[in-house]
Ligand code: ADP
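Before any questions on binding or motion, here is one chain by itself as structure tokens, the form predicted alone.
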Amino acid sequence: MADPRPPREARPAAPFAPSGGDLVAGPAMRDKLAKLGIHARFDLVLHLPLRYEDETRLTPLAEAGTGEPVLVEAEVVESEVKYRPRRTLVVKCSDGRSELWLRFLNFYPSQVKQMAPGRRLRLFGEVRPGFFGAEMVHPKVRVVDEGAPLAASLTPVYPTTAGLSQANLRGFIEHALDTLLMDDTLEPELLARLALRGFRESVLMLHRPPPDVDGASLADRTHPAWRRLKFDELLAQQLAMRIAYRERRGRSAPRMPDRHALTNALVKSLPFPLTRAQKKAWATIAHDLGQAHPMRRLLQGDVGSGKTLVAALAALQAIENDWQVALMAPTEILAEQHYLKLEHWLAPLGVKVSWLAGSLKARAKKAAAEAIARGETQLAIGTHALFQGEVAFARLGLAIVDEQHRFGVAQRLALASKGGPESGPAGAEPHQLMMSATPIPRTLSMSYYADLDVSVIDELPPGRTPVVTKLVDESRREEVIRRIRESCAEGTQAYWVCPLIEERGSPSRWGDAENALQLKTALETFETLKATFPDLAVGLVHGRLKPEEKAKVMEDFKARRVQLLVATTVIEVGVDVPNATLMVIEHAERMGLAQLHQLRGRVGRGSQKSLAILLYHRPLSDLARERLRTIYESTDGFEIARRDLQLRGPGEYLGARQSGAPLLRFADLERDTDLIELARDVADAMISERSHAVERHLDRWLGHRQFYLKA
């Protein structure tokens, strides 16, 4: 497509440079541009419009309908600053046939002069009924001479920041478009095969769309120009992730073939068989551990699918090859659950399991660290304390990270770097197995997790009973109380989950102080339920309890000495009490889908019918309503994850795992699945062919942000 605007005097184009050169701007302006992710001139080219304003045609005042922004031209008839009820600039305009009133609630003296009687104005805004007739409130205003030319293309409106006007930003972008060489990083043959437009043509179309463009396809980002830019963005992401993947396969790690002694012994000792999905995941991991390059595998599965058992088999394979294993979990409750379960399974096999957490007494912590350093500990389980400076492994061969999205890249690197002095060949590093009970949608796995191998446990062990979910308004609380009394009278146990620990002095993740005060707190609920159920043993567990107090409460709950457990969301993962068949979740409307699904997974872990009651408070926002409907309609973690991704987007969904990864600005994981698959195939081909375009494409799209993941 030809440039739709008159040519400008262009500077000589420099040869291709990754960033297009430095920004020509003062420090203050560079800081503002940096807030938008603009650090170099080529970043301006890729700063694409949010929407467009049509200033290519004039609409007579008589034909200016309400509800749609239009461009009109009229002469100022009168202009006055009025002070009732507040200071307002009121301007009456006419095009000779119809009148239009303008109102400005915030204005400068220069604007009063600009709109003096007799001035001809070109106005862009939405016409709506007013007190005196048709009016525009705070329209865009430009003083013009009669017959002044109209814009040759739609006017782009860009994402901006405080102190950076659209006019200034547009000026920077126009200068970049006119002076930078926007050659193509992809071969013409490839573009023809993929039916994609050229890069320069697509960029100019999006920054300077002609009047006859299909506005709907621009707005919903389905126009061929948008398709090309989305593909390029996805291709850059795929290239970065796949290069990271291939680089890791070129590094060395200890070989750990399955010797079948300990792993077979564990399987035979279990009172239940492995599921088909567990066997498949285990076979893949066993194969990876036997290779001489580092395993980086993500094991994902729904709540209760048996990931811990597969991790135990992986640990045993490393141990029977005389390597140490570290298992890291984000919370002490989860880490301790792993410790108790794995020690129960592995201690009878002669495996030395140690527990290391920040809350341990100094003497116990020192003893645990020394046992790890001497190599006596074969499996160390704990929280982030495992990668603290004073902890050193003798022969760390496998690092297992549970709930991996809660840890940042630096934390996992710190754990993986503790291979120890006997880690084998120079440069050898431990294998890594990451686990997640939050299933990852396929499109997310193809894009943000393209640097990992992924295994999925997609079935639950036999005997599990699906959890029934009910949505209950706060006004029916008495019915919920009655249901708890009936359930506990039958010999089962129940959870009551609250979002806050205390009313005051605690930062609220849910909103401002006023909203925080409205939430039912764990402490208040605990006291209330103790009084409501004098015949039941009611326990309380939250994140601020001392570890020994927390452990005692959980032990009493498992031993059925506590019938009703009031808890914060610290029980979200890892807690396994088969006799607990009822869960009440307070203020469910304020929790995310993944959290609700995880909490619900704490019940239904036995063969008895289980129920999750989601207590909600009105009014419900549209987002809260959608979340509650999703969790009510589905128990499939993968479908819930897909809907969660739709509602939240990838940035929030990913958590800390990919804190440095390039988030997508233009492509949509739900709508652009075909482009993700296309970009993945093209990326693999480009890397295999050692195409010179790989580096150029990465430089263009990632620039100074280019990275190769190492975690």
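Note that the coordinates shown come from a computational prediction; the quantities given were computed from them, not determined experimentally. Numbers follow the displayed sequence, beginning with 1.
Although it is not shown, the form predicted together with this ligand is what the next lines describe.
Practice task
Spell out, yes or no, whether the shortest heavy atom distance between V303 and this ligand in the predicted bound form is within 4.5 Å.
Solution key: V303 belongs to the contact set for this ligand.
Practice task
Although this ligand is absent from this view, report whether P461 comes within 4.5 Å of it in the predicted bound form, heavy atoms only.
Solution key: Although this ligand is absent here, P461 would touch it in the predicted bound form, with heavy atoms inside 4.5 Å.
Handout entry: Contact label in the predicted bound form: L309 to this ligand, heavy atom within 4.5 Å
Key = Yes, L309 sits close enough to this ligand in the predicted bound form that at least one of its heavy atoms falls within 4.5 Å.
Practice task
Could you confirm whether P273 comes within 4.5 Å of this ligand in the predicted bound form, counting heavy atoms only?
Solution key: Yes - in the predicted bound form, heavy atoms of P273 and this ligand come within 4.5 Å of each other.
Problem - Interface segment, criterion being heavy atoms within 4.5 Å of this ligand in the predicted bound form, picked from 132 to 140, 232 to 240, 209 to 217, 338 to 346 - result: Within 4.5 Å of the partner lies stretch 338 to 346.
Problem - Among the candidates E126, D576, E474, E626, the residue which, in the predicted bound form, approaches this ligand to within 4.5 Å (heavy atoms) - result: By the 4.5 Å criterion, the partner-contacting residue is D576.
Handout entry: Listed residue (R605, R197, H542, H223) with a non-hydrogen atom within 4.5 angstroms of this ligand in the predicted bound form
Key = Contact check passes for R605.
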